[in-house]
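Consider the single chain below, provided in structure tokens and representing the form predicted alone.
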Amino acid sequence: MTKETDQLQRRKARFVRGLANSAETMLAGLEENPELPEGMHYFIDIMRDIFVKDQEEHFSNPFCRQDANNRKIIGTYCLMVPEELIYAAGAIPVRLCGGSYEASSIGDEFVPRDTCPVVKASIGFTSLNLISLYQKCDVVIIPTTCDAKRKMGEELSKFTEVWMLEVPHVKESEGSRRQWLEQLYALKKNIEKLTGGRFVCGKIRRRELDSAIKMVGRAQYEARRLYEIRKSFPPVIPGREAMLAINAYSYDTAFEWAKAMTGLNDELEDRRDKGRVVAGSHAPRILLAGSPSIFPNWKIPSLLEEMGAVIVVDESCMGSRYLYDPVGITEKSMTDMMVGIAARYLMPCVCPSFAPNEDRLFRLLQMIEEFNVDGIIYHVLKGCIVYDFELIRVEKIMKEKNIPVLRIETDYSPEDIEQLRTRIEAFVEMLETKKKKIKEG
């Protein structure tokens, strides 16, 4: 082993230890909750397998062991990638968006200083093979939802095979919808080519696609059940636990995740019926909006709930928006299913990369009413211009509804935790005072 290789291995080992420690701290903190639902252990174990026990051999998780059927693993970097096509081809999708401070530190070497930490971490994970999951991907798919993602594809192509998926930014246009459908047909061909050895005809067949839509649909159904449970007043599950369960979908198959989520939802509904709650009616109910919280970067959810608030809903692409909308089909022809998939991934999406984006404002107002929200934390990751750009519009409509909004700009570094704690504590106290006055009045 050369001196340079030895230094590289030592450096990687240092970052791996840091990542494992960060992830274990967050997971152990969740497990300390004496009221932790039994069903949450499955999702915590998934995260521990991926981020803490990565080098061990005895895993049930399909991404942590050599798959018996030697199925292809396809990495994705956005919820705009249709998982149904990947499952129908006999492959497994895995969401790779990075939420690690350690990986982000590595990514600093490859991108400009002010780049979004999600992109930095994603490049950091791949460039240094920080966890084995990234090595196991046969190809990664990157939708062009923002300029940073587009350039990330160029950088990642130095380390792995990359397919870019061109996403239109004006979804109301007939031309845009047609272009998007053409993109998905091209993606389907690429997936068929990658996994062609699994089929007699070398193509995704109608029956397999129908089964994949149903399998993902079951996961979506259970995610919506959790979504409805979180409307409970008082709340029956902390937001950081619910968000972790949704994040865990990234690293599990839709079938296994849905089975585990069914158990968790049954348990939570039973608790609700018995009046077992995690906070009183005085606890401020928070909508976490803006940039996604991606495990193990649980900084904002943890701080919020340590201060006595409860995150009852989020609008993140790694949270409530991830699994909310099912594919709608009237027939089961290949054409009808492809059109249904294209519509499902484009039309309901309220990503701020779309313009105009009035749908997002409408959805936020809907959440305020449905979840009885007291205040909004608007989370902006440094360098994430598209979310920050819409803040003024969000503040304006929330002012009309008398809903306070606090903008929090941060990255994955732990250095600003105390500063954030002070601001969040003051915001939560203000909401508590407001609720008390309303109750007394």
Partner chain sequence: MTVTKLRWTILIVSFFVLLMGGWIGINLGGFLPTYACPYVGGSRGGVCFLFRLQYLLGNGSPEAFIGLGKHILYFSLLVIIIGKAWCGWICPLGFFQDVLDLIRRKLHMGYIRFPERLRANLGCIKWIFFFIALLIPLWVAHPIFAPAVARDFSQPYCQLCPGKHILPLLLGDTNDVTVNFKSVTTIVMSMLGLIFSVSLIVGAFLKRRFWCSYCPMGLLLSWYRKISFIKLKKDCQKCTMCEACYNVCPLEIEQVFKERENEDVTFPDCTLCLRCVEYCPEDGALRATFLGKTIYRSTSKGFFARQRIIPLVPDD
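Residue numbers count along the first chain shown, from 1. Just so you know, these numbers come straight off a predicted model, no measurement behind them.
What comes next is about the form predicted in complex with the partner chain, which does not appear here.
Asks: What is the one choice in Pro112, Gly196, Pro348, Gly280 with a heavy atom within 4.5 Å of the partner chain in the model of the complex?
Replies: In short, Pro348.
Asks: Between Arg276, His169, Arg150, Lys332, only one gets a heavy atom within 4.5 angstroms of the partner chain in the model of the complex; which residue is that?
Replies: Comparing distances to the partner chain in the model of the complex, the residue within 4.5 Å is Lys332.
Asks: Quick one: is Gly263 in contact with the partner chain in the model of the complex, heavy atoms, 4.5 Å cut-off?
Replies: Contact with the partner chain, no.
Asks: So, in the model of the complex, is Glu315 in contact with the partner chain at a 4.5 angstroms heavy atom limit?
Replies: Result no; Glu315 lies far from the partner chain in the model of the complex.
Asks: Is Tyr324 part of the interface with the partner chain in the model of the complex - any heavy atom within 4.5 Å?
Replies: Heavy-atom contact with the partner chain at 4.5 Å: present for Tyr324.
Asks: Answer with yes or no whether Phe362 is in contact with the partner chain in the model of the complex, where contact means some heavy atom within 4.5 Å.
Replies: Taking the distances in the model of the complex, the answer for Phe362 is yes, it comes within 4.5 Å of the partner chain.
Asks: Thinking of the partner chain in the model of the complex, which stretch from 305 to 313, 75 to 83, 335 to 343, 251 to 259 has heavy atoms inside 4.5 Å of it?
Replies: Result of the contact check: 335 to 343.
Asks: Scan 162 to 179 and write down, in order along the chain, each residue with a heavy atom lying within 4.5 Å of the partner chain in the model of the complex.
Replies: Sequence-ordered list: Glu172, Glu174, Arg177, Arg178.
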